[in-house]
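Here we start with a single chain on its own, the form predicted on its own, put down as C-alpha cells.
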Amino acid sequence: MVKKTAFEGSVEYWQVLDESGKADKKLETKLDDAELKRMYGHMVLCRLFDRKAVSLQRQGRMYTYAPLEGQEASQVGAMHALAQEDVVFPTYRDHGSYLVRGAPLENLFEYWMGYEEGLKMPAGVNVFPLSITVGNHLPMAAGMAWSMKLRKRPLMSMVCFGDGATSEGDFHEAFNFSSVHKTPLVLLCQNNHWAISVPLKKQMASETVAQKALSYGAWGVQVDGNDVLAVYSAVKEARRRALAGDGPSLVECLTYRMSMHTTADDPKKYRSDAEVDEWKKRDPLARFEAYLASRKLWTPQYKADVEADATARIEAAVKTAEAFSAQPEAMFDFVFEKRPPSLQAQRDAFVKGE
C-alpha cells in the first residue's frame, strides 16, 4: 500500500483592528481619510436605521423585521470593497448592502411596512431584492457571475448569507458550479453564530465555514467580522481574484447579531446574557471610532454631527414611507410579459371591486 498526502490546505484569519481599535501597521489599509469617514457614516446610518425600524415595529407601524445591529462592519466593509457596477444578492438582514450602495431609505421602510414595491431599486444601485428563504439566492448569484464571464464583463457578483445557509444544498451547488466554471463570484458569509436558535456547533462539524472553500478548489479566508478594515481587505482581495479569472472566493466574517433574529423572536430563550455582553465588548462601531480617533478623524462632536445628519434622513424617509400609496392591482402586472385574457379579466374585476 502506498501512503501519501492527497491534499493539503489551510485557512488564514485576518484582523486589522484589535478590539481596542489599534491597527496592525503591516496590515492597515491605504484608504484615505475621506473614505474612512464615509465608512463610518454608513455604519452609523445602518445602526440608526436599524434601531428606528425596530421602534416602528414595536409601535405597530411596521411588520416583522430582522435587525442587523452588530453586523455593520461586515456589511459596510464588504460593500465599500466593490465597484458600483458589481451586483449584490442580499439576504433579509443585509440592509447595509442597500444603504451603502445608495438605495433610498424610504424604499426599505416601505418594504418592511408590507409594500413589495419598496424593493424596486433605482438604476445603478445594483442590489437584487432580498431573499427571505435561506440560501435560495446563492444559485442566482452564481448564474449572474457566469453571465458576467460569458459576456466578458470586468465585474463580479457577490452573495451575502448567514452561517445557517451553509447547511443548505443551494450553498454547495452554487459554490461547486462557480468553482468548476471559474466564475467571478464572492460568497460573503456573515457568521453570527446563530441560525435563528440553532448554534453553530449544532450546524456543522467543520472548525470554520471558510475551510469549505478548500473542498471546491477555491480561496477561503476567515476575518474578524467586527473589524470593518479586515472585511474590506478580504473582499478587495476576493474581488481581485475574481476579475483575474481565479474563480469564486469565500469570505467568512466572524460577527454577532446583538439583537433578536427578528422582532418575532425572543433570543433570551436560547442564548445567555453573558454571551451577548461579551460580544458587546467587540462592538464594531466603537472599535472603528477608537481607530478614527487615533487618526484625529473622530471626536464626540463629530459623532453627534454624523448621528444628527443620519437621524434627519431617517425621519424624513419614514414620513415619506408612511405616506406611500400602494397600487394593489400591480400584482397582476408582472407575471407575464403579455397579460393573458384570463388574468386581464381578473385584474378588471379587482379594479372594479367585483
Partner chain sequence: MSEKTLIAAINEAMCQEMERDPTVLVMGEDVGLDGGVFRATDGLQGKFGTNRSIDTPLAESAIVGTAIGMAAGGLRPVAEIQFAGFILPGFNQLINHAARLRMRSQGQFTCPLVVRAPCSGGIRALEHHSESPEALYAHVPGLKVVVPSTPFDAKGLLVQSIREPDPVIFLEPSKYYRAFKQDVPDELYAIPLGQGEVRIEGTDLTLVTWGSMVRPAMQAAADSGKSVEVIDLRSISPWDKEMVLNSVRKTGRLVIAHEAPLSGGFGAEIAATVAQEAMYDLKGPILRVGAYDVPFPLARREDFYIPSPQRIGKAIQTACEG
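Computed from a predicted model, the values in this text were never measured in an experiment. Numbering follows the first chain given and starts at 1.
The form predicted in complex with the partner chain is left out here; the points below concern that form.
The partner chain in the predicted bound form is not approached by E85, whose heavy atoms all lie more than 4.5 angstroms from it. Shown alone here, Y111 lies within 4.5 Å of the partner chain in the predicted bound form, counting heavy atoms only. Put simply, F332 is close to the partner chain in the predicted bound form: some heavy atom of it is within 4.5 Å. The partner chain is not drawn, but in the predicted bound form it has a heavy atom within 4.5 Å of E354. Every residue in the set S167, I196 and Q346 has a non-hydrogen atom no more than 4.5 Å from the partner chain in the predicted bound form. This chain is displayed alone, yet in the predicted bound form one of T299, T64, S55, T320 has a heavy atom within 4.5 Å of the partner chain; that residue is T64. Only one of the listed residues (V134, M121, V276, M260) places a non-hydrogen atom within 4.5 angstroms of the partner chain in the predicted bound form, and that residue is V134. You can rule out all but one of 200-208, 137-145, 74-82, 240-248: in the predicted bound form, only 200-208 has residues with a heavy atom within 4.5 Å of the partner chain. Although the partner chain is not shown here, in the predicted bound form the stretch 17-38 places no heavy atom of any residue within 4.5 Å of it.
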